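Starting off, we have a lone chain in the form predicted alone, written out as structure tokens.
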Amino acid sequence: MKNYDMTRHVRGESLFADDFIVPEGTLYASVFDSSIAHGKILSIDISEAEKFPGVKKVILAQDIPGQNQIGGIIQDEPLLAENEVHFCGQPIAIVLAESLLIAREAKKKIKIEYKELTPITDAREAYAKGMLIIPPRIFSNGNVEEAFKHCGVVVEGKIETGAQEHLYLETQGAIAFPTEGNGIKIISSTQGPTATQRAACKVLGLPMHQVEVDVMRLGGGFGGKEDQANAWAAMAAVSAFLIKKTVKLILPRQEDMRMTGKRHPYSADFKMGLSNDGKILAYEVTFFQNAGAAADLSTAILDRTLFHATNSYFVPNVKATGLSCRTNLPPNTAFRGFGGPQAMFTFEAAIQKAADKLGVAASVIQEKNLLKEKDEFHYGQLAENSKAQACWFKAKEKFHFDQIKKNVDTFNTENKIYKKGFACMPICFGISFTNTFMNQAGALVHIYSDGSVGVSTAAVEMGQGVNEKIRLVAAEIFSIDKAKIKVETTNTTRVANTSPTAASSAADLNGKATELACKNLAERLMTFIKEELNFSSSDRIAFRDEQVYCNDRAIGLTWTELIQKAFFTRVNLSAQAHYAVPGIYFDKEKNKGKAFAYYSFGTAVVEVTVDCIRGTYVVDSVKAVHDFGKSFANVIDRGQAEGAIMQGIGWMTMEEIIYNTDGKLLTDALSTYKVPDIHSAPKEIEVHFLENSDNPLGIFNSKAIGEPPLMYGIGTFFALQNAMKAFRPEKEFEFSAPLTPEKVLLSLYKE
């Protein structure tokens, strides 16, 4: 990972929101939040807090100059609670003081009286009481009722998947500066600068041109800062606007964990029908999504769940119903995979149950039903350039599935206490925002008179290497050393009306926009060369290794000399470009269309060993063949795949979010919430790049990589369950994730 971002990280030179030097007189904000999950606010007394030495102001909902509303898709999320509270951790007041310590001490002086109401924390209970964010969403094709009549085997079941804490290294936060003319500048830890700008404008009552949002980089995001960064930036902005001083709001870790949403927990009911030889004929599923107290991005996440209801398989008859259920938990939000992992886990559970009933390995059913070229998904899009089978059979050949099975069987025969299990996990993940209008990006490229280059896009660097990819794009087109190229901060005044860095699309969208802008400049410079040096219009001008070539011969003009000549001849050395993904659309009334530009495919095989006396386990290996298209940044892409795999394993095995029945988070610190460390990492991770894959819709024919490999972690659950079955073959195990060591132990011995 030899790029300037990584180098600065290692040296401790990288700047994050909390590192910016703030002006003298900056105030520090601490947020007073609800201690109960549901109730009416009867009274609130801030007088003692306001008198606390060093406190400058305490802000309540009635002080907000614009709308007390930060809802994105649905307007159902107040910035500060006013009459009711709907989850533990809901912001009620902002205390501004001369230091963070003073602000935190002062907020303890706020007195509040509630009339407590009974909270709902379970999605199925919310559904039973009619607590839905939106009406049910249904994606379907064929006729499942009729198809089930002709199935030789029908299985039904239930799954549960838990929440997951983003645990980005940098917590939520922002700094807001008042600017002249009643404007505000915000330095924010956000994946979506434009969304943060909109939210701040709404609560301030200002037009967008008066609010500037700037992002240097994030210390991790994983979706948790796509919309949820907006609240903290808006609070800082309101504070700075009202008090006319710079305000800094950085959440402490425990407050961040308590007050922010997680990956959505899902409960689901499935029914699968197959022929006697294992062909899947029908699939019906109902997803109960625990949205939390406000919509946030839940409706879009639910749609992604419905899109990926059948994972990497062709099923002719499908009915997938999605229910977004309102509960009294913090609003759950985007997380790497965006609803796809919950859908894929459910389908794989159905396959596992069907395999048990048919008396075959799940891999037999998986292989028999993999997508083929031009197979139609249940929402009308065709599987074009499908690599589902190519990845499966390459993995089968390279990693020797049959030999793995023999080795596992031999080990299990020879060992009574320790048991091994393995599982295969194919994936198919659509690349695009499912809201068509969001699939656009802009880039602004400046070539400075000394030949160096500055690139501005909407992409936010959060450790995934997108800045390096954008540098590589510019370096390739200009054929200059990437050291000459700087990727600027992500700023709403330079690139406006942007989509968030999410949906695995940042490199594609912003890379394509950068490519267009750089090509515009390159063509402008080539035209200048022909005119300046009297070449004919048919002569072929090219840039190679910082030299100018004509008809494949160097003309003795360097890149720097060219730029200086162009500058003195008054050639425009700046270009702006806009890129919109072509050919995608989706009819939300019919739930049909071409929602994705393309698909990412892959297959992994996961091996585990379980200590069936203690319930502990080891992930022996995860080996995957993944479709990267034509990767132009192999080290970055491999790192993304390995990191995603680890995050998926964590979600499936140990990362257990626990709320009590009162809606209070019990796992609110790293002492109570366990994430994978070096000791729980697989002994071996091998990621093989699928050969001969091309993708014209990706930047330089590559494919998006951020989210898809996370789904390989799902294979860990089924590998563990297969090991448990080897120990207790007579027992039927529940499909409930995460499968923690405690749950393994209880499952093995609970009758």
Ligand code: MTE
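Residue numbers here begin at 1 and follow the sequence given. All values derive from a computational prediction rather than experimental measurement.
Unshown form predicted together with the ligand; subsequent notes refer to it.
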- With the partner left out of view, is G706 within 4.5 angstroms of the ligand in the predicted bound form by any non-hydrogen atom? yes
- Query: Does any heavy atom of G463 come within 4.5 Å of a heavy atom of the ligand in the predicted bound form?
  - Reply: yes
- Does any heavy atom of S188 come within 4.5 Å of a heavy atom of the ligand in the predicted bound form? no
- Message: I'd like to know if A507 sits close to the ligand in the predicted bound form, meaning any non-hydrogen atom pair within 4.5 angstroms.
- Response: yes
- Message: Just to be sure I understand the contacts: of A503, A229, V238, V213, which is the one whose heavy atoms reach within 4.5 angstroms of the ligand in the predicted bound form?
- Response: A503
- If we test each of H626, H86, R336, K387 for a heavy atom within 4.5 Å of the ligand in the predicted bound form, the one that passes is R336
- Note on the structure: Only one of 239-247, 463-471, 320-328, 148-156 sits within 4.5 Å of the ligand in the predicted bound form by heavy atom distance, namely 463-471
- Item | the ligand in the predicted bound form - contacting residues of 205-242, heavy atom within 4.5 Å | G220, G221, F222, G223
